[in-house]
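Have a look below at one chain only, the form predicted on its own, in structure tokens format.
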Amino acid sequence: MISTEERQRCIEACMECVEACNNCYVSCLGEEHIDMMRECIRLDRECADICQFAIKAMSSNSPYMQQICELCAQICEDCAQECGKHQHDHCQRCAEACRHCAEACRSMAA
């Protein structure tokens, strides 16, 4: 059984990840070599979207919450890996938030 505290921690991690991904997305659009940022931008959007969906699933105690959190963790890991390739501060902050969120979501999915 998932505790209320564990669920709240995961919701908060997802909210932080959404914010970091949205900031990274907007910042990447302003980078000089935007072609090099294409995959980062795409994953920022995917990650923010699935995190928002996971927040909704956890908030409503969806019976699919664990599967959604598992998918969220995978997308967060992919986004963290891509953002981690770039030296921009916004990418590094996003990678860190994504790793934290993936860890929280994995614990929800277990």
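Quick note: we count residues from 1 along the sequence shown, nothing fancier. The model shown is predicted, which means the values in this text are computed figures rather than measured ones.
Just so it is clear, the following notes concern the form predicted together with another copy of the chain, a form of the same protein that is not shown.
Another copy of the chain is not drawn, but in the predicted bound form it has a heavy atom within 4.5 Å of Val18. The shortest heavy atom separation between Gln52 and another copy of the chain in the predicted bound form is within 4.5 Å. Another copy of the chain in the predicted bound form is not approached by Gln92, whose heavy atoms all lie more than 4.5 angstroms from it. The shortest heavy atom separation between Gln8 and another copy of the chain in the predicted bound form is within 4.5 Å. In the predicted bound form, another copy of the chain lies beyond 4.5 angstroms of every heavy atom of every residue of 86-103.
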